[in-house]
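In structure tokens, the next block holds one chain alone, the form predicted alone.
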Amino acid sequence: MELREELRHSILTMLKAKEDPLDGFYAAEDTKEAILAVVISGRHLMLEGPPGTGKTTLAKILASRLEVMQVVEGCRYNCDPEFPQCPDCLNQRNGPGVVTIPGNERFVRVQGSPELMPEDMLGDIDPVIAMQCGIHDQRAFTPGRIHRAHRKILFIDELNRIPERTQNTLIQVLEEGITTIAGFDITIPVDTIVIATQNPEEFAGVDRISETLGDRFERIQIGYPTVEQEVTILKRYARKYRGVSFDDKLLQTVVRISQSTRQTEDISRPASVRASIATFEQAQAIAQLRGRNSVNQEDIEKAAVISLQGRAEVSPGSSYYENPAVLFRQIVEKSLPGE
């Protein structure tokens, strides 16, 4: 069964059982529905939105919905033992051993950067093996991340930070589900679903992806979570220190501080959910430093300013541009209860 059919079957089974296939990912219901529609239809997915909105978490959740898979032992291309297709398996004289891989490990992550080369994605010649076996021996070729994603989800974070010629290594995979290894004249199947993320164009170091590549994806916009959702994220994913209590009302204060930066014209890059998590965790640490076992409002104020200074960015045209700490303190004070 193809990967997309596996994922489709798993999601539909969960929906039939009244279970949420995206449990742990927090977004508007119409956004979640759109994502599920894309995945069920077997299309490749492009997630657009600011950092810290759960894009990586979403990809990992989808991978966790896959069943365990069996792989030919020692195969660098993740061949199915019943249908070996790669040069490694076809040239193997002895019967293949079998390795079992759990569903949550059927996930290959690629972090986008300007230094990522086509060879990183498609593979390259291993000079040591080439010296031993010859440069035209297929064993001298080391598969890249695309091949390692065969029968897995390929997650590419910040695709628009990758050089265009490296981006283009994906086109054949997205269109035909194969790659052609130059120099060996062999074609390798790649059964994968690509989930990519893209940061807004105003972010430093990003470029627009080519129309040819972008046309292979279905694009979904992901926004910031609501206050209630962000509080739930803190309870679920943030680190809770043993012996330190944190009142639920103060949790809402933490979230209001981060959300205030998303509604202020003086901020060009607002605080993400990670800022809320950092404030939550640092407030607990400050309480411990001050010899207490419960977090109070002053701890949150101190932790929030630290968190915002490292994440939020003041607009160049703002009167606070030269002194952002003043703005951050004002945001914190206005977010406190009673203000």
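Keep in mind it's a predicted model, so treat the numbers as computed, not measured. One rule holds for the numbers: they count along the sequence shown, beginning at 1.
Keep in mind that the form predicted together with a small molecule is not shown, yet the notes after this line are about it.
Of the residues 282, 31, 57, 64, just one reaches the small molecule in the predicted bound form with a heavy atom at 4.5 Å or closer; this is 57. Note on the partner interface in the predicted bound form: the residue among 120, 266, 80, 157 having a heavy atom within 4.5 angstroms of the small molecule is 157. Not one of 167, 209 and 214 places a heavy atom within 4.5 Å of the small molecule in the predicted bound form. Listed stretches are 285 to 293, 44 to 52, 66 to 74, 298 to 306; the contact stretch with the small molecule in the predicted bound form is 44 to 52, by a heavy atom cutoff of 4.5 Å. Not displayed here, the small molecule is approached by residue 273 to within 4.5 Å at the level of heavy atoms in the predicted bound form. Within this chain, residue 92 is remote from the site of the small molecule in the predicted bound form, having no heavy atom within 4.5 Å. Contact check for residue 25: a heavy atom falls within 4.5 Å of the small molecule in the predicted bound form. At a distance threshold of 4.5 angstroms between non-hydrogen atoms, residue 237 is in contact with the small molecule in the predicted bound form.
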